[in-house]
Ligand code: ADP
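Below you will find one chain, with nothing else, as structure tokens; this is the form predicted alone, and questions on how it binds or moves follow later.
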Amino acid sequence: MSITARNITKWYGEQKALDRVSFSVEKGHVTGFLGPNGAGKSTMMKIITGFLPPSSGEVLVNGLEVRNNLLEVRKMIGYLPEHNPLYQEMYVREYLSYVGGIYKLGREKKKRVEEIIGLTGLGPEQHKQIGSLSKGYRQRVGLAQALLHDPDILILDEPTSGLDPNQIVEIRELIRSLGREKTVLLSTHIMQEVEAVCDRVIIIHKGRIIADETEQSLVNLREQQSLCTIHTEFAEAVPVDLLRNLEHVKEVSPAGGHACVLTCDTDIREEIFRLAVEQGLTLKSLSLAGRSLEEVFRELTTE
């Protein structure tokens, strides 16, 4: 396992930020770490990277316990924190060269800086002061410093914050490609980002893990446990009373014209089709509405 968290608890005074959190993340995957504000995401990431000690429990990175092997662990990790700390007075290329020196890249430093500038799309801004850059380009600089030493593990806290739509697409593609050969753990509030990038979703709420699934299996699981929505459209007037009398139908709502929406406790599309045949009705469309990850997230984290 690249990252293993075991029973991590973190107290801030009398406030418990994390409560016996355990999970493992393997190489070759992008894992989304989701939760409402204050759920404990950033705290967990700071503990993994060694910037905060846990109150109890332990984190292993490539088999090394973080607190007792801090320098070795930090060599393995590239970290982009939520509030991206940069030296505002330094120039982009100068800053990346400085970071390369910290990581002791030696003769490879100049070549690696060139590669990372190209990889993160910083070419047009490379000779500017960091303080004069837009928020989106400052975020790219932060991502560049996280990647510079070619770490095995990437911890990315809100990596596309401040980027415009075109930049978001580019960075998401970069994260996807990195996830094929590295361990990537990213925190985000953007559900579309999780659906586009992540292989797996861990949801944390009030300091506890409440879901840990692949993105699609999480949606499927909640669909099995929840009411489903079926959209129908007929060529003639909607037979509302006939539909209401079907078993498992909880509610029928008109949807304009000859369409309606059924709320059911199971998928009854076959029964609706048979009803149409028996009644001599022309069924123009019949579909099961899919649930989004955002709906699942809200259902899991709303009191």
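Treat the numbers as computed from the prediction; the structure is a model and nothing was measured. Start at 1 and count along the sequence shown; that's the residue number.
Although not depicted, the form predicted together with adenosine-5'-diphosphate is the subject of the following passage.
Taken together, the three residues Thr229, Thr263 and Phe273 all stay farther than 4.5 Å from adenosine-5'-diphosphate in the predicted bound form, as judged by their closest heavy atom. With the partner removed from view, the residue among Pro53, Gly57, Gly28, Gly38 that has a non-hydrogen atom within 4.5 Å of adenosine-5'-diphosphate in the predicted bound form turns out to be Gly38. Of the candidate stretches 63-71, 41-49, 273-281, 246-254, only 41-49 has residues whose heavy atoms lie within 4.5 Å of adenosine-5'-diphosphate in the predicted bound form. None of the heavy atoms of Ser285 is located within 4.5 Å of adenosine-5'-diphosphate in the predicted bound form.
Contact residues in stretch 7-36 (any heavy atom within 4.5 Å of adenosine-5'-diphosphate, taken in the predicted bound form) are Tyr12, Gln15, Ala17, Pro36.
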